[in-house]
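Single chain ahead, by itself, as structure tokens, in the form predicted alone.
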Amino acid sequence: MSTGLLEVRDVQKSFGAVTAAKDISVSVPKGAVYSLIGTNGAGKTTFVNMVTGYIKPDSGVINFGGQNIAGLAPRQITRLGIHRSFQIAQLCNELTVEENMLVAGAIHGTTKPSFLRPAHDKSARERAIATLERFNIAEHRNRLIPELSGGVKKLLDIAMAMAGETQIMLLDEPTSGVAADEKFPIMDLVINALKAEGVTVIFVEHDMDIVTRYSERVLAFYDGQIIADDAPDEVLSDPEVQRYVTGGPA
């Protein structure tokens, strides 16, 4: 296996009698765009949770930049540069868009609040606004979260995940909850913004149109295992993937 920015080797995870990850090995090079596909319960979320520290693998190695991060806490992994967004945007409804960004900056370590330098100091606000502009949502900076469309909420959640120094971004169903006519414009914006920063992208997705259009390589999960790891056309034409994941020819 070639050396990548992220190297997952022989990772295992069980919950009682249920095997959620079995012999998972993946190499993700710097700057790549990977997608994860599979039915619910196939192991995609377990993989993401292990990489981001929300679940500790039973065995195996997760190397990031040469360091084994398996078992580190989510906050430690975030500070190293592995960030994530969630299927359901993790936003505070009582705060404005800009205030949500400032909170994210404090969490990701771009701001170290104190009585002498609060989280909303000038430099923190400048960074927050710059990130909002990168995702084309700065015009909403003074609006409360309930006032936003599903697409803007999704973009804000991803922008908040980018608040720190990001090397790898894991996106959990970035087009879920987004109107059909918004999904391609939003993905264009997200992928272009992340690529411009040199960020490696791994995204979970059920929409095969999104998978084929944006990913360079696809990992197909079934029953806690990776049953295919190749370019999108190769994976989606694989008989096992068609049988267990897509339900028929792509």
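In this text the structure is predicted, and so the values were computed from the model without any measurement. Quick note: we count residues from 1 along the sequence shown, nothing fancier.
Another form, the form predicted in complex with a small molecule, is not on view; read the next lines as being about it.
Q: Pick from 43 to 51, 191 to 199, 66 to 74, 207 to 215: which stretch has non-hydrogen atoms within 4.5 Å of the small molecule in the predicted complex?
A: It is the stretch 43 to 51.
Q: In the predicted complex, do Phe15, Val18 and Glu173 all reach within 4.5 Å of the small molecule through at least one heavy atom apiece?
A: All three within 4.5 Å in the predicted complex.
Q: Given that the small molecule is not shown alongside this chain, does Gln225 nevertheless sit within 4.5 Å of it in the predicted complex, heavy atom to heavy atom?
A: No - in the predicted complex, heavy atoms of Gln225 and the small molecule never come within 4.5 Å of each other.
Q: Is there any non-hydrogen atom of Ser59 lying within 4.5 Å of the small molecule in the predicted complex?
A: Flag for Ser59 set to no.
Q: Under a 4.5 Å heavy atom criterion, is Thr39 part of the interface with the small molecule in the predicted complex?
A: Yes, Thr39 is a contact residue.
Q: Going by a heavy atom distance of 4.5 Å, is Asn136 a contact of the small molecule in the predicted complex?
A: Asn136: no contact with the small molecule in the predicted complex.
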